[in-house]
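Encoded as structure tokens, the following chain is the form predicted alone, with no partner shown.
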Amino acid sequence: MTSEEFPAALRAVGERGYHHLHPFHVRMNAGELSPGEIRTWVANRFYYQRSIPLKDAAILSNCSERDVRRVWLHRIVDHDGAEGVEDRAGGIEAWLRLAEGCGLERGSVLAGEGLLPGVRFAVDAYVNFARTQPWQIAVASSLTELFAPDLMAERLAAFRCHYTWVPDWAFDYFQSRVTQARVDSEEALSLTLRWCDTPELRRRAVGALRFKCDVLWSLLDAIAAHAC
């Protein structure tokens, strides 16, 4: 794969396999999910949210390039938050607010009550991938962020239109990711295009992104199967 072909190959993976195409997401955006299905999704998706800093820490631990680590480091704070900084509560806290807005008990979500085995397996596989692959390949797997802003905007509109029983203050995570995901995806894409500089690394990067799409798809498969 040439450097000229590489960006289009990455985008093609998401266009065909990103989880916005999953039937569960299609139903969500159409307003067809019950409150119970929404709560199941929120509670299980939290396991993914809380694992993102573990994935990013694994990438940092494998990366010998100081300049890359400096670029990537903020992601852990973005999700974990910063102690004593009110406007840096972080993505994990924002997701917990979503859970509370949906009627879930904060403590039960933190304890992982109702976590489905298929969700745990998929998320753990993603964290393990980041730990065991070269950092360039793990960075490439995060490029599902290229497609996240549009999904977040659609999701926010769908919740406000169809799930009016969820208060607006619960949507901080969706609102922040509409803009933050654009910054993060541009950052990750720049690193991937720069550091995946051989045909073999480019091939592996495309495979890594395909794997990440499969992780997100499998997560929804488990949730949808439980809802049936």
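Please read these numbers as outputs of a predicted model, since none were measured by experiment. The first residue of the sequence shown is number 1, and the count goes up from there.
We do not show the form predicted together with another copy of the chain, though everything after this point is about it.
(request) Quick one: from A89, L116, L156, A125, grab the residue that has a heavy atom within 4.5 Å of another copy of the chain in the predicted complex. (result) Exactly one residue meets the criterion: A89.
(request) Would you kindly say which of V183, L201, L193, L60 lies with a heavy atom within 4.5 Å of another copy of the chain in the predicted complex? (result) Selected residue: L60.
(message) Suppose contact means a heavy atom within 4.5 Å; in the predicted complex, does that hold for all of L21, L33 and R39 with another copy of the chain?
(response) Checked in the predicted complex: no contact with another copy of the chain for any of the three.
(message) Within 4.5 Å, heavy atoms only: does E83 come near another copy of the chain in the predicted complex?
(response) So E83 counts as contacting another copy of the chain.
(request) Would you check, heavy atoms only and a 4.5 Å threshold, whether L54 touches another copy of the chain in the predicted complex? (result) The answer is yes: L54 has a heavy atom within 4.5 Å of another copy of the chain.
(message) Does any part of R69 reach within 4.5 Å of another copy of the chain in the predicted complex? Heavy atoms only, please.
(response) Heavy-atom contact with another copy of the chain at 4.5 Å: present for R69.
(message) Check D150 for me: does it contact another copy of the chain in the predicted complex (non-hydrogen atoms, 4.5 angstroms)?
(response) Close contact is absent here: in the predicted complex, D150 is far from another copy of the chain, nothing within 4.5 Å, heavy atoms only.
(message) Based on heavy atom distances of 4.5 Å or less, which listed stretch (73-81, 136-144, 97-105, 116-124) is in contact with another copy of the chain in the predicted complex?
(response) Looking at the other structure, the answer is 73-81.
(request) Using the arrangement in the predicted complex, list in sequence order the residues of 149-187 with any heavy atom within 4.5 angstroms of another copy of the chain. (result) None of them.
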